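Presented below, as structure tokens, is a lone chain in the form predicted alone.
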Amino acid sequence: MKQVQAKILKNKEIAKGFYRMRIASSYLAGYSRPGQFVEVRCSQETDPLLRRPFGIHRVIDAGIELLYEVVGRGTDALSQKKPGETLDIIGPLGNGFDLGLATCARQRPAILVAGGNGVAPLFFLAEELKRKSIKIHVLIGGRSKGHILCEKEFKKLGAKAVITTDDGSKGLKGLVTNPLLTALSAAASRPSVIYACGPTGMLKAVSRLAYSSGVPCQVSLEEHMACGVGVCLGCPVKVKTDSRYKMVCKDGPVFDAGEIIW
């Protein structure tokens, strides 16, 4: 992990309120692993003061890509950035996904469960699993059609993709955990591992289904991580170990689902 000054190569709105940013940095490209994140200073002004955390969406030859939703001052400032401008970035940070859970049973698929913008770090994971010849099933859930991201990109990787929306405007109507329950109930589609990222309620439900099915599960938690290195103590999560609490930024953001007290 180190602090870098990285040039923006591209910053394009890919859906209403969602942007994909390409950043040049051979260091971040060389050291980033699926599930890790970066802390970005979104403005040179004092407001917003704190950096914002973003899961690494992809690694490319020239650097990395971020996929983010405009939800406040920080991401709004980021959305105004132009190619050629420079960003102050700290990373890569945190602990990523354990790919060994998928490689130990190659004959079975790995299931990736994404809720909303939680799809961002899972695409990086999918590309790495693809390189290891792991079969991938991805379940993507969102509020409506406009909140479903990366479906085409996952299919280009050869992944089987199932879409769910709350309002039924695309794919199956209902929660993304419904097709997960179906997959876990069928012997032919029983996965080797589940990886998930999204809202806490979704992760809790995914964790419960994985536990009841005896399938290993890792979840990537989304928290306000101000420092990214465990100093500010702003992102504690209750765990079942003697320490009682861990920091999402330093000890995560990826955890074994069974370790968390939901």
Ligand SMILES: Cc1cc2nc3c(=O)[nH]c(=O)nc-3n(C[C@H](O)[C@H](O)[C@H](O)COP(=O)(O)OP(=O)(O)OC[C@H]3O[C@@H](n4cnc5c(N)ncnc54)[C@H](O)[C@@H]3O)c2cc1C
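Quick caveat, the model's predicted, so the values are computed rather than measured. Start at 1 and count along the sequence shown; that's the residue number.
Below, we refer to the form predicted together with the ligand, which is not included among the displayed structures.
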What is the one choice in Leu172, Leu181, Val71, Ala105 with a heavy atom within 4.5 Å of the ligand in the predicted bound form? Val71
Sort through Thr75, Thr177, Thr165, Ser192 and report the residue having a heavy atom within 4.5 Å of the ligand in the predicted bound form. Thr75
The ligand isn't shown here, but in the predicted bound form, which of 117-125, 131-139, 155-163, 83-91 has heavy atoms within 4.5 Å of it? 117-125
Met225 near the ligand in the predicted bound form, any heavy atom under 4.5 Å? yes
Leu67 versus the ligand, in the predicted bound form: is there a non-hydrogen atom within 4.5 Å? yes
Looking at the partner-bound form in the predicted bound form, is Leu209 within 4.5 Å of the ligand by any heavy atom? no
Look up in the predicted bound form whether Leu221 has a non-hydrogen atom within 4.5 angstroms of the ligand, and give yes or no. yes
Heavy atom within 4.5 Å of the ligand in the predicted bound form: which residues of 229-262 meet that condition, in order? Pro253
